[in-house]
Ligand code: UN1
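Below sits a lone chain in structure tokens, taken as the form predicted alone.
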Amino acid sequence: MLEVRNYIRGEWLTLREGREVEVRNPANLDEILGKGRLASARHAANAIEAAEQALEGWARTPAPKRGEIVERAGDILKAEMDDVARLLTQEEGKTFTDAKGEVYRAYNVLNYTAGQSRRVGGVTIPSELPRNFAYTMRHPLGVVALITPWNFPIAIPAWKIAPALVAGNTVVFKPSSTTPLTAARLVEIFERAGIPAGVLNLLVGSSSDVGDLLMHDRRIRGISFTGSSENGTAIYTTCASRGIKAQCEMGGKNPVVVLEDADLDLAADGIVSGAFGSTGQRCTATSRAILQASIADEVVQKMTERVSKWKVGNGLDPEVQMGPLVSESQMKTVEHYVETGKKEGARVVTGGGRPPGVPRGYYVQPTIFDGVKPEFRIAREEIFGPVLSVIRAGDYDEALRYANASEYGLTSSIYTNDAGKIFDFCERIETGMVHVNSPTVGGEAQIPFGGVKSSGVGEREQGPTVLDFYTDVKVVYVDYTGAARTSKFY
């Protein structure tokens, strides 16, 4: 059994006070993975102090040297991929294949961001004044708080920690207390890679104690958050009132539009993998399948045939396609929405209950609803589980209108062979990311990630924009006339 620990000022702490936390395998509730106690506001204050004290030395370390530590962390993570993926599967529930994919994504992010350490530059700009040299440079924010969810407990922390460190910030990292063991494993890897004491601190604590302090402490100069739209909006509002930067990646209600000229087998495969992979517990999961009416019956049949062959169970079983939900509360949330969909008048095509013959865990069948109207709750609210709503549209314009009828705007997809509609969809869909003839999920380290509307605020994560949030632009004017200026400028 592992211990739930915190990491402050380069030391692993075993807490003797605070609320007890127990980590169980969601695929087998009889398996206890770890125990410990949650950090308090006092521990959070200590972590912030440690990060503040380490800031000057770390910020003055040349960026390429900071990048070397991030690169070493990536190399260690890659070498231990199977071991980390196994822990991730046991703690979060996703299949081992999905877990390995997540760990490899984290490695790619660390590797890419380490390379950006040699590109932390500015630009020279011609001045309108004679004998005056003007240029910009990137300056770290200071101490930053990184708040991450449980559904990607390696990848999301990696794509926040890496750019924060490369940019010269020091970090207070607050993961979800649902997946503290995987988070600690990532911090251990950074420790072995040579991160100096105080530069990276780990706090496993509640939002009311630790999270509240991180939002309000004057020493925190930026917060990067991934989680619900409700919490992200509160964080963004608080940061705005304090005059500090915030980056919030939030929910999604991601649509797939399938037109009558599409490859219907390809579309069915893509929708099923996007809706039910990782048990639907990802912000980019396919939640709405908007099908042109003329081919809707055929697509629904194809999806049902595919889903009926999926095996639900422990993610470490290589024959399993879908694991459990992460917790009892998440399972009850999904079950609530399934009942809501039935009451609203939607028809359950497949699933809708708990699967038979599985261990004692948080299992729900992959569920497809047909006959869903755009105004139904299951078509509007984020469920964060293996539930797909099928909405029928008469033509392309109606399908696009339904796709945009959401407060969210993270990712989307269209299946068609009509080049005109492809480009029109890419231009008019109100999402931050668009896929053509492929699922709504997925992303690459070198490409920006993020959404619009209620799905995201602040600079985009990853890709060429990876350092934008974690730095401020400083402008420098160098006057080499050696004389007083007589002209005025603003």
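Note that residue numbering follows the sequence shown and begins at 1. On a predicted model such as this, the values are computed, not experimentally measured, just so you know.
Keep in mind the form predicted in complex with this ligand is missing from the figure; the text below concerns it.
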Query raised in the report: Just one of 412 to 420, 130 to 138, 349 to 357, 156 to 164 has heavy atoms within 4.5 Å of this ligand in the predicted bound form; which?
Result: 156 to 164
Report task. Given this ligand in the predicted bound form, answer whether the residues 95, 273 and 313 all have a heavy atom inside 4.5 Å of it. Result -> no
Query raised in the report: Which listed residue (283, 290, 187, 303) meets the criterion of a heavy atom within 4.5 Å of this ligand in the predicted bound form?
Result: 283
Requested in this report: Just give me the single entry in 441, 445, 429, 33 that has a non-hydrogen atom within 4.5 angstroms of this ligand in the predicted bound form.
Outcome: 441
Query raised in the report: Given that the partner is absent here, does residue 105 sit within 4.5 Å of this ligand in the predicted bound form, heavy atoms only?
Result: yes
Query raised in the report: So in the predicted bound form, does residue 152 come within 4.5 Å of this ligand, heavy atom to heavy atom?
Result: yes
Query raised in the report: Taking heavy atoms only, is residue 90 within 4.5 angstroms of this ligand in the predicted bound form?
Result: no
Query raised in the report: Might residue 226 be said to contact this ligand in the predicted bound form, defining contact as any heavy atom within 4.5 Å?
Result: yes
Query raised in the report: Are there residues in 233 to 254 with a heavy atom within 4.5 Å of this ligand in the predicted bound form, and which are they, in order?
Result: 249
